[in-house]
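Before any questions on how it binds or moves, here is one chain, the form predicted on its own, in structure tokens.
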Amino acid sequence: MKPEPVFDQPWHAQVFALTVHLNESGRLDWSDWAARFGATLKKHGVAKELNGGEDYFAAWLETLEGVLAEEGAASPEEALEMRGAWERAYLETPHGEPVQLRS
């Protein structure tokens, strides 16, 4: 029997891995991260279904983008531009092919 994937979408795994990398490289304190992420989840409503799927990782990404903006690593505008670039790349990529950003 084939095991089910841990993450629903590849981008969920990627944003999780990026956050872990930032922590392991000393750019993000995990206690601070947990407090910020908890505040984002609370802002979106604890009663809302946040099961580790799309809503959960949208909140995760929102929190990470906020941290990166505070550090000056990526402004909200840059994050929005990058989201748009990835969305366009995804929509233009034939099914089954790897999604790649254009230079």
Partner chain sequence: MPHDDHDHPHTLLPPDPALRVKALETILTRKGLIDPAALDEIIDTYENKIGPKNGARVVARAWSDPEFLEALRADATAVVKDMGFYGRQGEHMVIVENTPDVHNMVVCTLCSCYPWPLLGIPPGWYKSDAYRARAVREPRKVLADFGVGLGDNTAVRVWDSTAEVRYLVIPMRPDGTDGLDEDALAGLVTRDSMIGTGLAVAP
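Heads up, when I say rigid core I mean the largest set of C-alphas that superpose within 1.5 Å between the two forms. Since this is a predicted model, take the numbers as computed values, not measurements. Positions refer to the first chain, counted from 1.
Beyond the structure shown, there is the form predicted together with its partner chain, which is absent from this document and is the topic of what follows.
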query: Its partner chain contact in the predicted bound form: E78, any heavy atom under 4.5 Å; finding: yes
query: Residues in 66-99 with any heavy atom within 4.5 Å of its partner chain in the predicted bound form; finding: L68, G72, A73, A74, E78, A79, M82, R83, W86, E87, Y90, L91, T93, P94, H95, G96, E97, V99
query: Residue shift check between the shown form and the other one, rigid core fit, A89 Cα at least 2 Å; finding: yes
query: Core superposition between the shown form and the other one, C-alpha change of V20 at least 2 Å; finding: no
